[in-house]
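Quick setup: one chain, the form predicted alone, written in structure tokens, and binding and motion questions come after.
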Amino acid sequence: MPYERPSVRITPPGPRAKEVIERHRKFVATTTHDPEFLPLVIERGEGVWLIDVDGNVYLDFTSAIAASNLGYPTHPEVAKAVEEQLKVLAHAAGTDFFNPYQVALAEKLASIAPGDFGKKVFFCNSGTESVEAAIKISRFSTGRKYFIAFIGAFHGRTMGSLSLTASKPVHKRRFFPTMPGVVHVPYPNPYRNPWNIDGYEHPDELVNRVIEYIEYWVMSHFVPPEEVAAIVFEPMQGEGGYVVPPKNFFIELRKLANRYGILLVDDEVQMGMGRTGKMFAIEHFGIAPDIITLAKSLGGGAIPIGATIFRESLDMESGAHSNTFGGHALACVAALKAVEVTEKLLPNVAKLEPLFRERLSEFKEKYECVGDVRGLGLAWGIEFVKDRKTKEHDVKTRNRVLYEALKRGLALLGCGKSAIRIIPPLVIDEERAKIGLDILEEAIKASI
């Protein structure tokens, strides 16, 4: 590790950071920045550390929203593979011609994805594109029109994936109409659901309610099940608050889908690639989806790449879907090496999971503003509430914690209505993990 501890010499934003933020506001399109609570202007990264333009050093608990799972600037093995490939071939129209690099990556992804059946892979550039491909594969292969997705889901912001997204109203404001034919149903959130069921104490009851809602209220009243192409889900909701469903939910969902010949589309864009302690988060839940979407950390933090893995029987006809940079040789080489490195890091994720589980659970016991803690592997969410009985969201406290943590040298991101996501790079060691958790507790204390 290049640094031992965070070092914040100038309270963010420092003078250089303020200058960059002002120029950013003038010339860069609005996206999701919030300089009031997260005025972090990153100049470079080293391992699990981020260094801003004023020389402050931060411990990273964001992994660039799970895109840089292997640390910064790029894992040495991935960087070496990229450097060598740049001397050979970067791009050569992988969707019109052929190259061995995309074939090697496709073979690898097909071999490690869950499911004892033949698989094919479609390559693209991002998570939302991988979801768009899943939508088209589902419709083309089934001839059906409708989709079922979950409240709290985030699947992207392009018009097809946006129609599946349901985590924040801002994502859809002024963009209607989106793709028609999507019905949203409650996700089995153990902490916060329409039936006020304690899903931790009564997981089977919660699962049964959700399955009943889909089959009886949706399929028996306004969406013919024989016209539903796919049910689209995140095995652990990301933007919706890092929500972990009951263990048996996807087994029951698989049974429901099988009854009506409906495909299951598993969005692993944020939770895949080792983040939860397994290469695919759905492996925790004992089923094999028909379609899996990947992106973010697939490129090892070096090159953007997305992938849609699907049953080979679902393949579309030639020309039905394509893109310019799909099968990009350099991206595929980076991704293949990133997969290999990630597989070697899974024991580290398993080793650190109990530390995060135990320490964050202590936060819940000690601080009334912490309403819920949930997670798997190195993917954790803390939800802040004004009152534990009413579960009213406490956005102000959440935002204060984000800034208080940043001032102390810990980079975090929010998610859901009032939650914080904790997603350090998979290369983090126990000592740095403990330092980050200590800072987080200090930030909570300073915010209440």
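Residue positions are given as counts along the sequence shown, with the first one as 1. Just so we're clear, the structure is a prediction, and the values are computed from it rather than from any experiment.
Keep in mind the form predicted in complex with a small molecule is missing from the figure; the text below concerns it.
Although the partner is absent here, S297 lies well away from the small molecule in the predicted bound form, with no heavy atom inside 4.5 Å. At least one heavy atom of H155 is located within 4.5 Å of the small molecule in the predicted bound form. When the small molecule is considered in the predicted bound form, T142 lies well away from it, no heavy atom lying within 4.5 Å. Interface membership of N208, defined by any non-hydrogen atom within 4.5 Å of the small molecule in the predicted bound form, is ruled out.
Of the candidate stretches 261 to 269, 282 to 290, 349 to 357, 134 to 142, only 261 to 269 has residues with heavy atoms within 4.5 Å of the small molecule in the predicted bound form. Checked against the small molecule in the predicted bound form, the candidates T74, T342, T128, S163 yield a single residue with a heavy atom inside 4.5 Å, and that residue is T128.
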